[in-house]
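First, one chain by itself: the form predicted on its own, in structure tokens.
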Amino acid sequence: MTENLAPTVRLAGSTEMPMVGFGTWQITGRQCYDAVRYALEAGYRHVDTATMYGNEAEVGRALRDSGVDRDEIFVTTKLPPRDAGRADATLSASLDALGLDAVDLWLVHWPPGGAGEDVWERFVAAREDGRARAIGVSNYSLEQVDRLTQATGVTPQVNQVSWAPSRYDAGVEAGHRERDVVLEGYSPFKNTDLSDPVLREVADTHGVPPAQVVLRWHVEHGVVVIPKSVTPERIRANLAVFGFSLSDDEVARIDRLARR
């Protein structure tokens, strides 16, 4: 069985999280099952799903059928804001669908009105109960993260947001680092022009596709990234970003794409 190919980042007071994971947004049914199985065979050890994706059962079946030991796989799911009033029941349903006793990371998918301090208290309890090994949020501002900390004394361990060179914000990145919150980016290609001359030049220098440069750029910044694909070749290529590194100058040039 292929070993984990991605380096990890430590979550505050918790476990290690692989820096490149496999995203499953908009992948359902047999296609989701097959994609997750292939991703695990290719070496991914981090799988991201969510209640609202409607694919937790397929993800869970792929995890079981993969032959990879459960302790080797980092599994994330998320609570939709519509279920803010029934967080405990929703987590139970997610665990049943995934076939797991606990998820490695449970996220508040979107702020459920304000910052959702009451919901966050349920997340803290779930971590204390061992049903979620780490807890965090998604699509939160730093101000909303601070409100959760102020209300409960517990800071989210992760904030998953849309992130790409075009959306790079040094202040946001630094703010998460100062709070010891791991920044995780989704949709790395959705907001990226892979034909941009800067990306193409850097890619040519390293003999890799521009998409790999984008993913490596995340890693250089210490930002976890969860690319999605259903094509075996692209699934494998999205993980093959650890055989090269970007220079400080290359990273800076890609950072400046956000100013255009």
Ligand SMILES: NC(=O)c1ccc[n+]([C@@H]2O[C@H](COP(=O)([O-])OP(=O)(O)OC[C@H]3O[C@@H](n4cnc5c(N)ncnc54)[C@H](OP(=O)(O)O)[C@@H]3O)[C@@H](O)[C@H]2O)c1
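This is a predicted model, so every value here is computed, not measured. Just count from 1 along the sequence shown to find any residue number.
Separately, the form predicted in complex with the named molecule exists; it is not shown, and the next lines address it.
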query	finding
Candidate stretches 122-130, 104-112, 170-178, 82-90 - the one whose heavy atoms come within 4.5 Å of the named molecule in the predicted complex	104-112
Proximity to the named molecule in the predicted complex, single hit among I226, V59, A39, V202 (heavy atom within 4.5 Å)	I226
Non-hydrogen atom contact H206 with the named molecule in the predicted complex at 4.5 angstroms	no
In the predicted complex, Y33 touching the named molecule (heavy atom, 4.5 Å)	no
Interface membership of T77, the named molecule in the predicted complex, 4.5 Å heavy atom rule	no
4.5 angstroms heavy atom contact with the named molecule in the predicted complex for L194	yes
Stretch 232-256 - residues with a heavy atom within 4.5 Å of the named molecule in the predicted complex	R234, N238
